[in-house]
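The chain below stands alone and is given as structure tokens, in the form predicted alone.
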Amino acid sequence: MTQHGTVARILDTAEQLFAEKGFAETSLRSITSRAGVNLAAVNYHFGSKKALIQAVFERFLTPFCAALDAAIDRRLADTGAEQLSLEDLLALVARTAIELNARDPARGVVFMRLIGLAYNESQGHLRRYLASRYGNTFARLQRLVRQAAPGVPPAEMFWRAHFALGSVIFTLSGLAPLMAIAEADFGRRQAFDDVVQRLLPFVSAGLRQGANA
């Protein structure tokens, strides 16, 4: 196996096990066992479990943030405006995430689970790493959201943004069982894109409620 193949196998296995069991309950030995590599390979390529966790997120977020920044730039240039509507902004975020995982939508679901774990488990190193690595994109997104929902105080927007994120994480990380329940109850199978399109107006309304037009 090439070095590139070894790294990819370790990352593939780590993201699956982290999503299934959480960060604390997933040992490096369980990762190496399932990946079919030795512990020395993990230590050589990543150095520590913390670095491996960060690398798992980096593999998702580096292409996502680059694509999202480019999409926002294009949209602003096309409209000639200095800000975007909330619906426009949320649609860009959703479309970017969907397109990056178009070949394997299940990876997007896995990432939603990992985001939820990053909040639920004590992973201060991860939040610091993400802020330092992707802080510019996150700050830009927050600024555009505030511009699109003027009149919502910053402290209130903090909670609304996390309520919205919680809705997205809950829905997308448990999408397979939710889709199965919906199909059993209503006799119709929903596509992933359809679920996202149902979710966006809900999130948008929650963020904007009470904001100045």
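From 1 onward, residues are counted along the sequence shown. Note that the structure is a prediction, hence the values are computed from the model and not measured.
We do not show the form predicted together with another copy of the chain, though everything after this point is about it.
Partner proximity in the model of the complex, defined as non-hydrogen atoms within 4.5 angstroms of another copy of the chain, places exactly one of 167 to 175, 64 to 72, 46 to 54, 30 to 38 at the interface: 167 to 175. Proximity of G206 to another copy of the chain in the model of the complex falls within the 4.5 Å heavy atom cutoff. For H125, no non-hydrogen atom is located within 4.5 Å of another copy of the chain in the model of the complex, even though that partner is not displayed. Heavy atoms of N136 never reach within 4.5 Å of another copy of the chain in the model of the complex, leaving it off the interface. In the model of the complex, another copy of the chain sits within 4.5 Å of a heavy atom of R160.
In the model of the complex, another copy of the chain lies within 4.5 angstroms of at least one heavy atom of each of the following residues of 21 to 40: K21, A24, E25, in sequence order.
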